[in-house]
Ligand code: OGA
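Shown here is one chain on its own, the form predicted alone, set out as structure tokens.
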């Protein structure tokens, strides 16, 4: 069966069928997925019942992987019976390493609440992320969906005067800025030092499609060279514009779904669910962007 991409939204996002990622894929299939991602920016591959090792192997087809820092966990070696044994896997769940639901006062539970803000994975890193891949192991009966916003389409729809205003602007991105917005998680000094801020252009040209895209979201704390409050007001205005319903696709997860998105031209956020009574176990791999930032001009 050949790979088929079926649009899920008028502007972006598609479902990909005709591929089994539990087995190694050939170069032709790799490139077909890459072309679909360049066009749609968000792709969902259903019925992919993968082990963590298989997800890691597939992700590495597209570049080096970021290692999870394990924020909010106790330091030390990973126990042999741990749910997640590989540092390439980011634990996007409400579970501890033994599989028990986190309590409301658990530090990692507080940290994970930040995922309910519109964000772009790893924009607080100088070498940020190209794609993220999220695999659904367990999903709650209601809520816990993921919303995606297309920042290429949003940029295209901006008034010309705003496009001119954004030319050359650079924002500073900080993990701790976004986490402070919801409160509840206080990083250690070591965590602060290991995750310094980074600077990126507010408008970047997406290399796969050649289209310009906004690069903003919750980690963006201020605009370099602009008074703090003025810069934050501009970022808030752009966020409100880019997350209008016409630019947003909402995905309701099913077990076995593998969602892939391009962080360079999308934003995403998790929707709330009953975190104390239901399990949401999704596992993310994140591909490091090793290419120089593409100027929007």
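Numbering follows the first chain given and starts at 1. Fair warning: this is a prediction, and the values are worked out from it, not measured in the lab.
Although it is not shown, the form predicted in complex with the named molecule is what the next lines describe.
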Name the stretch, out of 166-174, 199-207, 144-152, 221-229, where some heavy atom lies within 4.5 Å of the named molecule in the predicted bound form.
-> 144-152
Proximity of residue 106 to the named molecule in the predicted bound form, heavy atoms at 4.5 Å = no
Any of the heavy atoms of residue 119 lying within 4.5 Å of the named molecule in the predicted bound form?
-> yes
Is there a non-hydrogen atom of residue 261 within 4.5 angstroms of a non-hydrogen atom of the named molecule in the predicted bound form?
-> yes
Interface membership of residue 238, the named molecule in the predicted bound form, 4.5 Å heavy atom rule | no
Heavy atom distance at most 4.5 Å to the named molecule in the predicted bound form, all of 130, 212 and 265 = no
Between the options 65, 50, 248, 270, which residue brings a heavy atom to within 4.5 Å of the named molecule in the predicted bound form?
-> 270
Which of these residues, 89, 139, 134, 95, gets a heavy atom within 4.5 Å of the named molecule in the predicted bound form?
-> 134
